[in-house]
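Quick setup: one chain, the form predicted on its own, written in structure tokens, and binding and motion questions come after.
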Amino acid sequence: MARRPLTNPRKQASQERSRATVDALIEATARILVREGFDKASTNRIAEEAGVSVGSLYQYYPSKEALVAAVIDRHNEGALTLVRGVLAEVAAQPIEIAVRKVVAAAIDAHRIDPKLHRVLTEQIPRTGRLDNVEALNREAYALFRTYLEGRRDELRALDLELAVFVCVTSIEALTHTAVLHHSEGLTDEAAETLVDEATRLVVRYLLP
């Protein structure tokens, strides 16, 4: 039985120079994944792309799977940071305005690098990062739930937990599918129309 590859870093970068090395390795991994795919990626190719020695790579990461996991973690944390910022910004705003901004942020997050996002989605099971992704999803759910709790008197009678699930899942599914699988046709105008329609869908579900 094949041994499962190690996917956690060997150590964390603490010095500025070591952080620069780690950043170069993660960025090189992302470029190779988009350009050549997971199967053609290797630690030698990644080190070469990053401009560092293989020995330096192995100081921080035990395998290419660990590097891909690092790319997934950074990519997802960036998306969640965007969502956190938007929900903090709309905390006191009406539901229609808040939902519109959340939908727009979800589209923006998926459009940061759709080709990379598509590759990383395929690699999540291989790198053992499903738990991490689920933890990020739980935070997104919690943030949206906190917002809805603050507007409870405006909502129709509904189960709040179910409402959060329906809203967040709908927004994620719509934006994920539109950006990753129909990116060629998703012009700025089409994206704005998608924001309008998704906002209408969620707002009409929430309000009396």
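By rigid core we mean the largest C-alpha set that fits within 1.5 Å across both forms. Start at 1 and count along the sequence shown; that's the residue number. Predicted, not measured: the structure shown is a model, and the values here were computed from it.
Below: the form predicted in complex with the DNA, not depicted.
- Among T146, S170, N44, T177, the residue placing a heavy atom within 4.5 Å of the DNA in the model of the complex is N44.
- For a residue to qualify, one of its non-hydrogen atoms must sit within 4.5 Å of the DNA in the model of the complex; all three of T21, V52 and G55 qualify.
- In the model of the complex, the DNA stays beyond 4.5 Å of every heavy atom belonging to T187.
- In the model of the complex, at least one heavy atom of R10 sits within 4.5 Å of the DNA.
- At a distance threshold of 4.5 angstroms between non-hydrogen atoms, Y141 is out of contact with the DNA in the model of the complex.
- Figure note: of the listed segments 29 to 37, 160 to 168, 146 to 154, 56 to 64, the one touching the DNA in the model of the complex, with heavy atoms no more than 4.5 Å away, is 56 to 64.
- With contact defined as any non-hydrogen atom lying within 4.5 angstroms of the DNA in the model of the complex, the stretch 148 to 168 contains no contacting residue.
- Fitting the two forms on the rigid core leaves the C-alpha of T21 displaced by at least 2 angstroms between this form and the one not shown.
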